[in-house]
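In structure tokens, the next block holds one chain alone, the form predicted on its own.
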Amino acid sequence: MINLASFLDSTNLKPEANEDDIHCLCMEAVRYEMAAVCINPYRLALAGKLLADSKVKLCTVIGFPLGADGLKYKIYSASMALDNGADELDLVINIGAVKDRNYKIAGNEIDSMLALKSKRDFIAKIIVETALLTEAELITLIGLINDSGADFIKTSTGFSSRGVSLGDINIINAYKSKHLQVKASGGIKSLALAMELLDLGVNRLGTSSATRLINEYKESQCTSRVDP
């Protein structure tokens, strides 16, 4: 039996999420001792108060969900998020630049955010949005992220045409460095998919169904113990 909660970034990035929704998200994360909550920057102050004195990390998104904000805006947003208590930043790459084959721009964004680590202690996750990439583009980005020193590569925003696939993880595993961790996200609503991803070595699962997955997992373990 694994501690499923320790792999979960419980997520609510819906634009219509209200204070009650964020309160519920954070209290459930504290109750089950999840890895992190992932919320929009506007909700950092509220979530920070709710998570105070807990082990749950505070995560927010930068350049979300399109990755098209431009370097100065992304770095400003990242700096403000850190000032507002964020422990982890999930940066959406400039997907348009990737489609232009201008990997220098995408790489500069990653390097510039990581430069903030010289003054602040935080976890950097780079969202590549696998649904919009060719296999060759994904492989190139994995190389960039390997060289950057980022902590995680993250598959998806959850706002594109699809979320993570097992094929995405297989490609990432084939080309990532040993130090680079993997956050799978987008469409992780079933326990079966969550367990398949963990079996492939994924380190974090970003999901809006975290509490339900934990309860389903606990129920499945109880059932397996009583079945002959």
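In this text, all values refer to a predicted model and were calculated from it rather than measured experimentally. All residue numbers are counted from 1 along the displayed sequence.
From this point on, the text means the form predicted in complex with another copy of the chain, which you will not see here.
None of the heavy atoms of Gly149 is located within 4.5 Å of another copy of the chain in the predicted bound form. Though the partner is left out of this view, Glu28 does not reach within 4.5 Å of another copy of the chain in the predicted bound form, counting heavy atoms only. Although the partner is absent here, Lys72 lies within 4.5 Å of another copy of the chain in the predicted bound form, judged by heavy atoms. The closest non-hydrogen atom of Pro65 lies within 4.5 Å of another copy of the chain in the predicted bound form. Remark: of stretches 178-186, 199-207, 33-41, 51-59, the one touching another copy of the chain in the predicted bound form is 33-41 (heavy atom within 4.5 Å). The partner is absent here; in the predicted bound form, the one residue of Ala124, Ala97, Leu144, Leu138 having a heavy atom within 4.5 Å of another copy of the chain is Ala97. For the stretch 10-48, the set of residues having any non-hydrogen atom within 4.5 angstroms of another copy of the chain in the predicted bound form comprises Leu13, Pro15, Glu16, Ala17, Asn18, Glu19, Asn40, Pro41, Tyr42, Arg43, in sequence order.
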